[in-house]
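Just one chain follows, in the form predicted alone, and it is written as structure tokens.
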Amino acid sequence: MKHLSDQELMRIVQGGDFSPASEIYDRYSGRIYNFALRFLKSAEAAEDATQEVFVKMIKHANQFQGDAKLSTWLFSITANWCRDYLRKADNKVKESEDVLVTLPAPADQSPDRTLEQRENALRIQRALQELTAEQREAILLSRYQGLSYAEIAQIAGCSEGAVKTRVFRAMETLKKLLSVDARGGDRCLNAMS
């Protein structure tokens, strides 16, 4: 099934054979989890979101028309789930929760460099939480997931111009928040681009 396109896999799922769902999960679960984790700042909520996205994918497979990318549709489901989660009063992002996901450093990197990268990632994560939910969603989808403004507009249910404005304002806010230490802030912003 690895040789089949996303659209071909979804056609099989829409036909009632759910065996391709595991291939779709393998292709997208990491990105979905990563997006939800950065958006919600809770590993447990991100796991729930990831699981729920793929349950909804199977349950509502016939709603996928194939005119957009499967990834766009899956990120739409994820973004909606995250927005719903944050709307609930008991699920507000807690300031004390510091979720930091980093890859192991290559062996040739010094401990000082690894520490600096972790500190920068933590500062970026804190700064992201200062953005509005709409700005955070736009910046995460554009910078971390590499989606186009048109795809983000489809996910967010707004115009492409609104997405550009959200990304611009988010970057301006992040520059201000991260400029406390100009040298580290520049590195942090460069890490996002």
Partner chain sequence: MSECHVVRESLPLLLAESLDPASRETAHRHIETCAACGEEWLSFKDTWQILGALPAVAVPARARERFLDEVMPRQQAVVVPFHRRPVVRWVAQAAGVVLVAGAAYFTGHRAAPLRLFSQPATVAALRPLVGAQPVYSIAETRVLPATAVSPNIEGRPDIQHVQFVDADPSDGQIGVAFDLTSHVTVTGSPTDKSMVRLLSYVLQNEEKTSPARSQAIDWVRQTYSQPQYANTEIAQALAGILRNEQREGVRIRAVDTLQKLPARVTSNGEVTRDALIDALKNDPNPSVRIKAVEALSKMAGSGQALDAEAVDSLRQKVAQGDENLYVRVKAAEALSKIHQQ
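The shown structure was predicted, so the numbers you read here are calculated from the model rather than taken from an experiment. Numbering follows the first chain given and starts at 1.
Beyond what is shown, the protein has a form predicted together with the partner chain; the following relates to that form.
Peer 1: Should Leu40 be counted as a contact of the partner chain in the predicted bound form, where contact means heavy atoms within 4.5 Å?
Peer 2: Because no heavy atom of Leu40 falls inside 4.5 Å of the partner chain in the predicted bound form, the answer is no.
Peer 1: Residue-level contact is defined here as any heavy atom of the residue lying within 4.5 Å of the partner chain in the predicted bound form; does Val167 satisfy this criterion?
Peer 2: Yes - in the predicted bound form, heavy atoms of Val167 and the partner chain come within 4.5 Å of each other.
Peer 1: If we define contact as a non-hydrogen atom of the residue within 4.5 angstroms of the partner, is Arg143 a contact of the partner chain in the predicted bound form?
Peer 2: Arg143: contacts the partner chain in the predicted bound form.
Peer 1: Would you classify Gly157 as touching the partner chain in the predicted bound form, given a 4.5 Å non-hydrogen atom cut-off?
Peer 2: Result no; Gly157 lies far from the partner chain in the predicted bound form.
Peer 1: For the stretch 27-50, which residues lie within 4.5 Å of the partner chain in the predicted bound form by non-hydrogen atom distance?
Peer 2: Ser29, Gly30, Tyr33, Asn34, Leu37, Arg38, Glu47, Asp48 sit within 4.5 Å of the partner.
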